[in-house]
Every structure is written in structure tokens, then in C-alpha cells.
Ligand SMILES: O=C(O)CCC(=O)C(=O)O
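Let's start with one chain on its own, the form predicted on its own, as C-alpha cells.
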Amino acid sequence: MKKTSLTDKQIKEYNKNGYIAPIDILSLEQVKIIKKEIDYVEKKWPDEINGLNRNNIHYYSPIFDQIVHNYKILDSVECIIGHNILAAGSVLFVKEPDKKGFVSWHQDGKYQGWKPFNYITAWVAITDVNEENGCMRMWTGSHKKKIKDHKDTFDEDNLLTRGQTIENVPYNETVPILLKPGQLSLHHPKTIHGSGPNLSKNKRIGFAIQSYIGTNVDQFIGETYVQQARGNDEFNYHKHTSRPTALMNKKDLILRDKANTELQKILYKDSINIGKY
């Protein structure tokens, strides 16, 4: 199997801008299988893929587990954070057509409770992702500054946990991240980004591995559930978990629930409210 990775030019671009896209990862046939998985779970177990349960679906779905451990993604991630990689969570983002759902300007590193910032968010497009259906926009170079203040809004249309929002982001300095099905974007935990509502007639679907972390990254708020994605964990800061072997295995669902409970404790630390995600 031939190893693929980022070029020197792409790594320089990532370091300069705080993101890199697009990167070809999945074939259209693989994307078709993933869409069928989403449709099947939505119809048969709708409560297992909505709200809080949109988090960590790779714990109970071997198909999504395969995305998290995809060697092409890991090759690209390794170029940024090193060989020893932990997969520390995933989120399925589904924007229904003609709905108001959006993602406000934010930094992933604000509430995750990890230090140092040797980690990265990988975002895989399952459908076409464009400006009409609410693609991500990145504030170029914003990762070079400190974490900014976020205001918790708990806006019911906001797809973030707390509706956390950075105010006064200069829209003209942000760049749309346009992706075709199966393509990947990578961004730094301090890169300011967000996305608008889906104004098209079709679903916009993305799967975020949030995040791949270096094994030297510690959790200073709660407990993070992880899988060993590559290399070795010489620090053992986090709780290692198993990988699924069958869809909706009861043991895997229990594990998913434990991971999500710990995730809520981290994301809602010091919050006066608890959101639907």
C-alpha cells in the first residue's frame, strides 16, 4: 500500500493559514456506502444519531470507524502532529435543506480542555459542500493569535453545544472551504471558523474527527476517551477504548454513552445551561 501525505507546500500552507483543503480521501463508492449507513441508522434508530448522539458514532458503526482510522487521513495528520496519534472523538454534522441551522464563529480549542495545541480537526465531506449549503469558512491566519473570548448564546439554531460565538469576525478575511464528496479539510484548533445555514434543496453532510491528538496532549478538565489511531501512547493521559465489530452492538453503545457523558462534562464546564448537543 502506497503511503500518501501532505507535500511541503501543503504543510507550509497549513502553518501559514491554519487550515488546508481539499485533500482527496474517499472514493465515490465509499461515500455511497457511508450515505446508506446514515440513511439506515436514521430510519431504524433515529435517536442514536441526533442531538448528543451525533457525537462518537464511530464507536458503534464500523463504517464510520473505518473513516476515523483511514490511512490516507492519518498520513496527512501525521505530517502535522507526528506519528503517535490518538482519535479523541467524532461529530456528524447534518444540515437539513432550507433549515436555519448554522455554526457560529468559534475555535475548537476553546472548550476541549487539551494542552498543548498539538492536535487537529479533520472534516470529511459526505456530500457536496459549497457556499449555498453552508460550507465552513476559515479566518486565515487566526490560529497564530491567542484563544479569543466566546459568548455562550444557546441559540436553538446553532449547531454548537453552547452556541459559543466570537464576535466581530471580519467576514471579508474568511475563506470558504469548498469540498466534493470524499474530500477532506484539516484545521488548527485555534483557527476561527464557522458556517452558515443550508439554503439548498439537499442535505449537507460532513463528518468531523474532532480531534486527532498527539499522545503528548493532556486533558486538564475531565477524561477523554480515545482510540490508538497510529503509533504508541507513551504518556497514557487518556482512557483507551475498543473499536466496533458490528453495527449497534449493545456493548459499543454503552461505551459511546460513557464517552459522550464525559464529553458533556468537558464542553459544559462552568456553563449555566446544558444544550441539546
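In this text, all values refer to a predicted model and were calculated from it rather than measured experimentally. Numbering starts at 1 and runs along the sequence shown.
If you look for the form predicted in complex with the ligand, you will not find it shown, but the lines that follow are about it.
T121 is the sole member of S142, T121, S76, N158 with a non-hydrogen atom within 4.5 Å of the ligand in the model of the complex. This chain appears without its partner; in the model of the complex, the one residue of A208, V41, L52, V31 with a heavy atom within 4.5 Å of the ligand is A208.
In the model of the complex, the ligand sits within 4.5 Å of a heavy atom of R204. Residue contact with the ligand in the model of the complex: K95 places a heavy atom within 4.5 Å of it. Taking the partner from the other structure, the ligand in the model of the complex has no heavy atom within 4.5 Å of any heavy atom of N198. Interface residue remark: V103 is counted as part of the site for the ligand in the model of the complex, having a heavy atom within 4.5 Å. Comment: 133-141 is the region of 67-75, 82-90, 173-181, 133-141 lying near the ligand in the model of the complex, near meaning a non-hydrogen atom within 4.5 Å.
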